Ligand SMILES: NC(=O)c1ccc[n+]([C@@H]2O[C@H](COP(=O)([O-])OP(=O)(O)OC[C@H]3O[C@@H](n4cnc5c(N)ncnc54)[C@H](OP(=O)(O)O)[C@@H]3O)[C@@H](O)[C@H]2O)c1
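Coming up is one lone chain in structure tokens, specifically the form predicted alone.
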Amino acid sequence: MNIPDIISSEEQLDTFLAEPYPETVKMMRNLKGDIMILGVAGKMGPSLARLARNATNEAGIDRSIFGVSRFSNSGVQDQLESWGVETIQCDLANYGELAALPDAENVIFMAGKKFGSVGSEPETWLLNTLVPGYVAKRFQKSRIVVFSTGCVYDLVSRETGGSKESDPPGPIGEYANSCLGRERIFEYLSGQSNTPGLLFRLNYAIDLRYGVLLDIAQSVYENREIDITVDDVNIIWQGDANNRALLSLAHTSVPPAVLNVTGPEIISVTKVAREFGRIFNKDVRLSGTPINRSYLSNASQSIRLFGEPRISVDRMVHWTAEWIRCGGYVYGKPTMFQITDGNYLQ
């Protein structure tokens, strides 16, 4: 993997996010069947679909990569098609449309609702529990990697080292409870149909256009206060998370395996903010008192399976600072990593 010193354009960023690990290419040579990504049009889906296409091409395998979404933004669909991903418009909440999808031996389920869950709780539960049930029934003969979240755990302190896969869930609020509901639905139907699965508990993926580091860096750069009530977080480069998602197809099981996916370290919001202050030559304005409890995951199991992430926190900080300095495009969607009561408003 050729790691750049800086990333200065969206084209360069999208290309790098979709660069496969050598072991991902090797896995693709041994994997049987097509790959279907459900909910592909979100922030992470396009780069994951492109990565699957690239890794398959490098493996020299004839395989279809299907990207499925409602595609409210036609630009995303056109971009995926240009990368060699076969796109299909489908409302996953409509079982008739879901049933009409082609078969695929490998399914990655990414659909769901988080932001804006407050005020639209019924829709949140529909998308996070009923739709997974539809998908599990439709693709009961497939292996399924299910995107989930570290929010299904309770808040823990830095001293714990983060929640482990063996820890009991402790979801807070309707969003987190609905995410646990998604997992339980897949677990139940996996047992009913002998469908191998893996629950991919991710937090938090970093893309220069969004993410925890961008939230902190923008606040420093724009001289805004940073609330450090939640001062400890996990992060992982999105390209690393993408490769891990594909590699997880080789680790599905009945009942579904559970895997925490994030970086190996717990990072301090205060320390990262001060580093951005040094880089930008800006004063750092902090507010709040750390509560020493946040969503933290212990990723040692996924690191044993897949190795250390390729991209370090220091490099992500450097890239993020340069991205802001050069006026790089951002999505304008804060991660809300400071939320501890489960109420995601936007």
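Keep in mind that what you see is a predicted model, and the values were worked out from it rather than measured. Numbers follow the displayed sequence, beginning with 1.
The next section is about a form of this same protein that is not shown, the form predicted together with the named molecule.
A single residue from the set Leu51, Leu296, Met316, Ala41 has any heavy atom within 4.5 angstroms of the named molecule in the predicted complex; that residue is Ala41.
Comment: the named molecule is not present in this chain, but in the predicted complex one of Gly112, Gly263, Pro256, Gly162 has a heavy atom within 4.5 Å of it, namely Gly112. When the named molecule is considered in the predicted complex, Pro309 lies well away from it, no heavy atom lying within 4.5 Å.
Among residues of the shown chain, Ile216 is not one whose heavy atoms approach the named molecule to within 4.5 Å in the predicted complex. Proximity of Asn106 to the named molecule in the predicted complex: non-hydrogen atoms within 4.5 Å are absent; the residue sits far from the partner. Though the partner is left out of this view, Tyr210 does reach within 4.5 Å of the named molecule in the predicted complex, counting heavy atoms only. Within 4.5 Å of the named molecule in the predicted complex, a heavy atom is found for all three of Ser69, Cys90 and Tyr204. Partner proximity in the predicted complex, defined as non-hydrogen atoms within 4.5 angstroms of the named molecule, places exactly one of 184-192, 78-86, 270-278, 147-155 at the interface: 147-155.
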